[in-house]
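The chain that follows stands alone, in the form predicted on its own, written as structure tokens.
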Amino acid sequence: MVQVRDGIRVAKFGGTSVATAAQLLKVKAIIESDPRRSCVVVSAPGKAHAKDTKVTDLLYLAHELGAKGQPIASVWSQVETRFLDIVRELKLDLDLKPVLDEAQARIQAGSTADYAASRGEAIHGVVCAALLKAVYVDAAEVVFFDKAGRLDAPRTYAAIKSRCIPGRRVVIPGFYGTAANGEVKTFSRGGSDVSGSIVANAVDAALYENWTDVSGFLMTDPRIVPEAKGIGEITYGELRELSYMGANVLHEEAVFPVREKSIPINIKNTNRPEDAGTLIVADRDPGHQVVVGIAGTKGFTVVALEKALMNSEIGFARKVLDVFATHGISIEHMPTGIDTMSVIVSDKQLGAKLEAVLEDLQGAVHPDSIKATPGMALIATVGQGMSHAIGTAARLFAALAKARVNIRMIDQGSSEQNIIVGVEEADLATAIRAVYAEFA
């Protein structure tokens, strides 16, 4: 296990962790238990119970009404009540009404969707700063985007570092910053994870703690394998491979700012802070753990082309890829043979474009045959140790054969830390259980 150096710890708390006054008291106890947790990044309140609505969803709804010139009062009252109830239950000496009134007025007047959505984090940041007796730093003052909508990293890191002064605790709302035109701009949903990672980079943190409602990652989906073991340690690269297949505990873009400085990420459970969670690191000793995780997802279509002497036709693959690019479709995988090529695409990407794609492929490369087969699921078996363990692929394929799962496609990345197989959607759960049983 990688040893975490001593130093600043950036603690980011997700929506479920800050959903209620009771949850915020847990957050307070966690922060006060370790003086190294000097930088706190917070999300908007999540669902307080199963039938509740997230504050961010209410804010999007309020924006839709305001943009149409319709009253937002009925929706806004739910937002306001949520925040005021939290302040009252925490017995905070905080007059939140002016902040709420300003946000309501701007949304009613037709603010941008990004401004409206960001108010959940912005307002809750004020509440959390009061609870923690910390300095509130508006993300709009320290997180900046360039004209292309990308993070302006140098400016952002410098601004955050100037406000996060050693020796004092700071609360920064996640999810948003300021665009090049001065307007508020948000990350994609779940973007507070990215905000926390950016702050960690800016302050050269020793550790980025991402607090949520689960004690880290499991080796596979517990809905398929209820007894799935937890993952103690995983690399950034392994995490990216699993996230691609739908293992979503952390926003997929959150690894990039911390990976730049090899800052570990610790996924922790606000409701069980004593649990070790999962540590995400730059590199790890594979040891006896060949496979770290298995993830799978449905919803793919195979477009199979066959043409004699395809391998000698210069530009064949480029022409095929150009057709998909012209239709705005990204490619998932492209296994090939001497005279065959299969292109795997997501059904979400493909949409209703299949017939047009097939027609254009026919005109572009004149295949001897072309066939589209929907209903494929992809399963990723991931582990840094796979590249050094002889017989890993054999064990994988033997486990699937024993479970009587037919493999439709095989693809292994150049890093040799991931083997992806395509199976019929109906076989997805059976396949995942078989692979887990072999490598757990």
Ligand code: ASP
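None of these values were measured; they are calculated from a predicted model. From 1 onward, residues are counted along the sequence shown.
Omitted from view is the form predicted together with the named molecule, to which the following refers.
The named molecule in the predicted complex: contacting segment from 163-171, 185-193, 273-281, 124-132, heavy atom within 4.5 Å: Heavy-atom contact with the partner occurs in 185-193.
Heavy atom distance at most 4.5 Å to the named molecule in the predicted complex, all of Thr381, Thr392 and Phe439: No, none of Thr381, Thr392 and Phe439 comes within 4.5 Å of the named molecule in the predicted complex.
Partner-contacting position among Phe217, Phe175, Tyr208, Trp211 - heavy atom within 4.5 Å of the named molecule in the predicted complex: Of the candidates Phe217, Phe175, Tyr208, Trp211, Phe175 is the one lying within 4.5 Å of the named molecule in the predicted complex.
Lys54: touches the named molecule in the predicted complex, heavy atom cutoff 4.5 angstroms: Result yes; Lys54 sits at the interface with the named molecule in the predicted complex.
Ala44: touches the named molecule in the predicted complex, heavy atom cutoff 4.5 angstroms: Close contact exists here: in the predicted complex, Ala44 approaches the named molecule to within 4.5 Å, heavy atoms only.
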